[in-house]
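Okay, here we've got a single chain as structure tokens, the form predicted on its own, with questions on binding and movement later.
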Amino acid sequence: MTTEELKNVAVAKSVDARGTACPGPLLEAKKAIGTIGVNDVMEVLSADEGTKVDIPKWCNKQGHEYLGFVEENGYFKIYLKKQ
């Protein structure tokens, strides 16, 4: 997805993990994924650079669809779709 598409995607759940360092954001995402439905989009907010690598790898292992990320004001909004 393009940056514009990501900014306008309907998010079912937003996880604010900006106050945690690796692997905090990934652990928060793992907890939150069970609270949304199949095909719902989850947004993970993180200031940790490693999250941009960790979330796509985790999505690949779990079968979820990694949609991309947007960098905004010193942090990242990472999007994934539950499969």
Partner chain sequence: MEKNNEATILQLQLQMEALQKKVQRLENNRQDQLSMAIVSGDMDKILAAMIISLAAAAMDTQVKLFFSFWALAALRDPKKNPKGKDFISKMFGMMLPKSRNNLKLSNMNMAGMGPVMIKSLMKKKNVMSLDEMFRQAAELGIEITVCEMSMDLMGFKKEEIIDYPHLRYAGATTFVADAGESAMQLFI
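In this text, all values refer to a predicted model and were calculated from it rather than measured experimentally. Numbering follows the first chain given and starts at 1.
What comes next is about the form predicted together with its partner chain, which does not appear here.
**Student:** Since the partner isn't included here, can you check whether its partner chain sits close to all of 45, 50 and 76 in the predicted bound form (heavy atom within 4.5 Å for each)?
**Tutor:** Spot residues vs its partner chain: no contact at all.
**Student:** I'd like to check something about residue 32: if you look in the predicted bound form, is any of its heavy atoms closer than or equal to 4.5 Å to a heavy atom of its partner chain?
**Tutor:** Output for residue 32 is no: heavy atoms all beyond 4.5 Å of its partner chain.
**Student:** Looking at the partner-bound form in the predicted bound form, is residue 18 within 4.5 Å of its partner chain by any heavy atom?
**Tutor:** Yes, residue 18 is a contact residue.
**Student:** Is residue 36 one of the residues lying within 4.5 Å of its partner chain in the predicted bound form, judged by heavy atom distances?
**Tutor:** Residue 36: no contact with its partner chain in the predicted bound form.
**Student:** So in the predicted bound form, does residue 68 come within 4.5 Å of its partner chain, heavy atom to heavy atom?
**Tutor:** Looking in the predicted bound form, residue contacts with its partner chain do not include residue 68, since no heavy atom lies within 4.5 Å.
**Student:** For a quick check, can you give me the residues of 32-65 that have a heavy atom within 4.5 Å of its partner chain in the predicted bound form?
**Tutor:** Going through 32-65 in order - heavy atoms within 4.5 Å of its partner chain in the predicted bound form - the hits are 57, 58, 61, 62.
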